[in-house]
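Presented as structure tokens, the chain that follows is alone, the form predicted on its own.
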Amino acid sequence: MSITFDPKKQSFILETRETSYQMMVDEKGYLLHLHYGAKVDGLSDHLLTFKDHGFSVNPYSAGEDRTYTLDALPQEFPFQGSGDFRSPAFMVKDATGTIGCDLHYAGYTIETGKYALPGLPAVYALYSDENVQSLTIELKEERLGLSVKLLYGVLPEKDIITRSAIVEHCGDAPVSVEKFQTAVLDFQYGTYDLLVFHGQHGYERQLQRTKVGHTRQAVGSTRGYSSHQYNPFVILAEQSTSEGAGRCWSMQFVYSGSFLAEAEKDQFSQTRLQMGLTEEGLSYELLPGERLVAPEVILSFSGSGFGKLSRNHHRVIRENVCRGVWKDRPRPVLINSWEAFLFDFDGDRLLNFAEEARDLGIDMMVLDDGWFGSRDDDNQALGDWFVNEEKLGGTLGELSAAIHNLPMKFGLWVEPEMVSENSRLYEAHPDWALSIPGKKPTRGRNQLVLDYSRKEVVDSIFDAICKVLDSAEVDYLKWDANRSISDIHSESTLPGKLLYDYMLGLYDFLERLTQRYPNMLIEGCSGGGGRFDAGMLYYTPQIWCSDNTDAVDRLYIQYGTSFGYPTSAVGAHVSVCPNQQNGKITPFETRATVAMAGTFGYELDPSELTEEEKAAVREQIARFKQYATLIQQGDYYRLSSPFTDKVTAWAIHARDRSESLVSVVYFPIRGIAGNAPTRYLRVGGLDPDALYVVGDTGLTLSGSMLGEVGFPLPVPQFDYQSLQYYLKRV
């Protein structure tokens, strides 16, 4: 069994293939955290120590025992009001405005299978997942009439434990939840680093590693979305941890809205890591009989470094978060109209564009922004979801049919969460846009955000989008959202509930969309990577990784992304040079190599390619399709870092280690290019006892030789040259 309860010690042990998670109810009725890490025999309650700590208060139930304080004990769900002055996971305010509660253990249940969350995305179990169980631990607050249920899901074979929580109001007077973190890990000793993934629009998920000192470190988003600036995925690691060795723990939020992750080293050198909803903007009122569900956090532990930790997350995201027919299916190679035309197109130009792309072997043409309402620039018509037939020279159905007759698949861009002030929708329903009465609204990209906390708004936009989709054969939908939420006011939703309820509305829309169009591939996007998170991947099995398509910048962006997300989720395309985002010039082949660490496609105009470039595109597509299943379903290994190494290299191994695709991109060597040193590459993770043919090098080497010694790379002939090696087990 993966979950066991010892009634004598009142302890819970959750076990996966290589890890154990331990907690216990103490004699005062408080739930204490004991251990999360490698499997151990027995219960680690011997680590609990008690002494009289000055200025650490004692709960009333401790009587005159000054040695008992929650300020110094590891807790499973710390709450404000307990005397623990570290950052709490839970704060609740009563009808008088007083903050404080006292949660005590009330019982538990163990069930077969994985729990689900009403209205929220969550990890689910497959039929092939063995011994999956869920644990519910109930804590009660008698004064306020609250029940807090802590949810744990255990996927033993994937070394994954999930956390969620539900607070239910069973009392008489209203209360409001002021802070609600999903998961907490308390470490009684140790020195750790915190790894976070920061950035900005066009340069997302840049790795930063800092020591956790005697301070509270916090990262998160208050933008209404998970954001370009900080990703809802963090790692706590021992300071010696590397890619292939050392202990590390991770938290990944299955949520697309504002979030908070904190790491704190306290006065006694204990470390707390936690993740959940952000405090800013949260004051969620609960009336008697109502409840609030904390979005899920995915936990994992690796005793073998960051690589294994990443692969744990890759597998659970790919197999137990992503859904639908496209989760395991190789994705079509697409071309997007945006970089070719922006808003300047008509039906004939689009059809010619598609024909030229089809001649290159591209599978699908995606019509980006500008096909609806009076949308000839980005200052108008968002929200007017009806086809501009005059611009297209016909109906969307006719254009789609013509493209399918090539034959080719057809895709469409939408931005359903936004509205332009210059639009029919805003003219009819100005109250549907989030804005503060008496205050001029803030604008982003000259647009406002629709109030998705209101069901009538979601229903109306859903109906309009479906009317368009029903009018044509649409194989793919790109869902975009191009600004953050700043005006927190709704005509019908309390400000403290707005951002959370907005996400419920978004998820409701997406759930209905996936149910209505089960064969349609949906790609998430928010100005590229502004909402790149596990919550969106529950509905959209791939996300546009970044609006920055420059191959060199993408090495850094995709490197950081790879720590928490699989290649199958990474929208990556070959684009024009000079690059439209930063003006950089990189080799055509290198752009393709980097894009093959994702879903692969093109952002360019085929009519502007030379014959040599067209031949290269045909070869690139054929190569990608040859390796598509391996790229999408294989195990990803970071072989070097763009931040520290002279080459950036990665490998994708088949699960059975029968084959591998190794990709390399050279960084320039200044000053000694005419007499450059030989560079060597080690490829870990292969079967050490098997022999592998290494591409066309003429080498046949054992997996152990490749991992421990490596092989020489040729001297690069130009800056940012790339190479790919296909390794096949003999």
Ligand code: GLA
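If you're wondering where the values come from, they're calculated on a predicted model, not measured in any experiment. Residues carry their position along the shown sequence, with the first being 1.
Below: the form predicted in complex with the ligand, not depicted.
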message = My question is simply whether W544 lines the interface with the ligand in the predicted complex - judged by any non-hydrogen atom within 4.5 Å.
response = yes
V254: touches the ligand in the predicted complex, heavy atom cutoff 4.5 angstroms = no
message = in the predicted complex, is there a heavy atom of the ligand that lies within 4.5 Å of any heavy atom of Q133, even though the partner is absent here?
response = no
request  = Using the partner position in the predicted complex, report whether G527 sits within 4.5 Å of the ligand, counting heavy atoms only.
outcome  = yes
query = Which one of these stretches, 509-517, 120-128, 477-485, 282-290, sits within 4.5 Å of the ligand in the predicted complex when only heavy atoms are counted?
reply = 477-485
request  = Name the residue from W432, F588, W338, Y627 that puts a heavy atom within 4.5 Å of the ligand in the predicted complex.
outcome  = W338
query = Quick one: of E319, D368, E264, D71, which gets a non-hydrogen atom within 4.5 angstroms of the ligand in the predicted complex?
reply = D368
key: Those residues of 405-439 which, in the predicted complex, come within 4.5 Å of the ligand by heavy atom   = W413
